[in-house]
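Only one chain comes next, encoded as structure tokens, the form predicted alone.
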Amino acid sequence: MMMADSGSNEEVAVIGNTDITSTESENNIINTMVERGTPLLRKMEINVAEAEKRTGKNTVNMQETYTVYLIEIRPAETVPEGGTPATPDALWRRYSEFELLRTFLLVTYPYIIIPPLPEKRAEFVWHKLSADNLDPDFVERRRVGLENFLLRVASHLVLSNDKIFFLFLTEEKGWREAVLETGFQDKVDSRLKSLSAMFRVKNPDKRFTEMKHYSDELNTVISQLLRVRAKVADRLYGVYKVHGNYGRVFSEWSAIEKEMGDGLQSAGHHMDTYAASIDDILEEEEHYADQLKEYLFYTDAVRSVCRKHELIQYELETLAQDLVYKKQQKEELATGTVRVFSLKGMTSKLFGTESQEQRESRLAALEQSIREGEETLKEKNTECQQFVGTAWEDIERFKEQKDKDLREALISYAIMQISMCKKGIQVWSNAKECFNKM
């Protein structure tokens, strides 16, 4: 299913120069494609500076090894030439604290597509990549992902103003207690309740239904793309490493040649360099894969908003149905006629009808219940309309962000592949020059 393109309709310029500088490469890898127009980002700079492995006892008094991440914030002010930047305020956070923050945001802002966290354990890995969540390379990629998460939240016009988020950045002690004091856990919708709403809602909003289907399909497509990349990485690693055999053979050959020896030795050196380069290449590729994974996890955030809408819609329909039933009861009680079979009707036939006073009392109670039901229905209808308005506005923002981010990530990945191929051509060109000089 294709979604309407909500991004820019400008044509993408043809890239003539496919060589990227180290600075451009670093910018592409960090993937902090965020709008810096929020008051929070105008006031402060946020970064996750480093990760550190620690050992301690967990809640059940058992020894465990875990990773903490250093969050640094500093005033976003221009440093004069020759001046010294302000010393940043810093605090340490565990990954589980990032999870708690995101859960709080999910519950508190159900109409917003909450940015995802980087993966807890490595997924879609090729066989030479460690799946250990304490592996230094994995921890470094997660550090970049956690920084990206904070910048995503800080760049959102609503989320950036949240008090709990600000405390997360500034208060190392007491933050968890402040989150729990909000009582957000009492508002968490049960999975069973959401599942029931999905199957029983009668008049779902077509736009949200289509968006949920689209997010399912996007999840499938990105998953397939990541699996293909992992397979290609496996094959590519093997191809590059096999080139190391050229280097070994050329070196051995050079030992038995006099006139050709130097040329063969040099060619072997170029082959060794080529074989060794694949490790850095695939490590850089992992950062582009992480950008795709971010949107793989974003699809669940989109579905979360759609599920919340289904739940509100189901509650609205249930209230409306209940109100219709009560009005029918009132009509039957007022006229003394029963339209459908009911236990009350059967009881009346068996044991006699109610007294006038009893009927009037029941009628008054029903009228009061109907008035309350109408008021509740009106409030729920307003809530549903407000949710649809704010949620769809955020969905449109997300679609524009997604189009821009994925386009930039895929272009950068293509540039990296072209650069890699050019380096391969250069290696063989150098080897050719060595052979020419023999």
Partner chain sequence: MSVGAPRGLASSGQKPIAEILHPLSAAEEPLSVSVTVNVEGDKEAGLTNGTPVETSSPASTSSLFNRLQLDDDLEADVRDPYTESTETRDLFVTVDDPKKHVSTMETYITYRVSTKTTRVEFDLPEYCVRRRYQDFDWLRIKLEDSQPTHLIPPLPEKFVMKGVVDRFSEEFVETRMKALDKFLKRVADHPVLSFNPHLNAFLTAKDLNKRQGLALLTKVGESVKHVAGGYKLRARPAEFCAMGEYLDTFNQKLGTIDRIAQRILKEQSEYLTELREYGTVYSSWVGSEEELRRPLEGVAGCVTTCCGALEDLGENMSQDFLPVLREYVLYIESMKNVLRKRDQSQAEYEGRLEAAILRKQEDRTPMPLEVEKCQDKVECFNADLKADWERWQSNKRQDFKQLLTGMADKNINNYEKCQASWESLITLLQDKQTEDKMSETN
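Bear in mind that the values here come from a model prediction, so they are computed numbers and not experimental data. Numbering follows the first chain given and starts at 1.
What follows is about the form predicted in complex with its partner chain, which we do not show.
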{"property": "Segment assignment from 88-96, 114-122, 260-268, 172-180: heavy atom within 4.5 Å of its partner chain in the model of the complex", "result": "260-268"}
{"property": "Distance check, Asn245 to its partner chain in the model of the complex, heavy atom within 4.5 Å", "result": "yes"}
{"property": "In the model of the complex, Tyr314 touching its partner chain (heavy atom, 4.5 Å)", "result": "no"}
{"property": "Arg397: touches its partner chain in the model of the complex, heavy atom cutoff 4.5 angstroms", "result": "no"}
{"property": "Its partner chain contact in the model of the complex: Ala49, any heavy atom under 4.5 Å", "result": "no"}
{"property": "Candidate from Arg141, Lys326, Arg229, Arg307 lying within 4.5 Å of its partner chain in the model of the complex - any heavy atom", "result": "Arg229"}
{"property": "Residue among Leu366, Leu100, Ala320, Leu236 with a heavy atom within 4.5 Å of its partner chain in the model of the complex", "result": "Leu236"}
{"property": "Sequence-ordered list of residues in 404-438 near its partner chain in the model of the complex, where near means a heavy atom within 4.5 Å", "result": "Leu406, Arg407, Glu408, Leu410, Ile411, Tyr413, Ala414, Ile415, Gln417, Ile418, Met420, Cys421, Lys422, Gly424, Ile425, Trp428, Ser429, Lys432, Phe435, Asn436, Met438"}
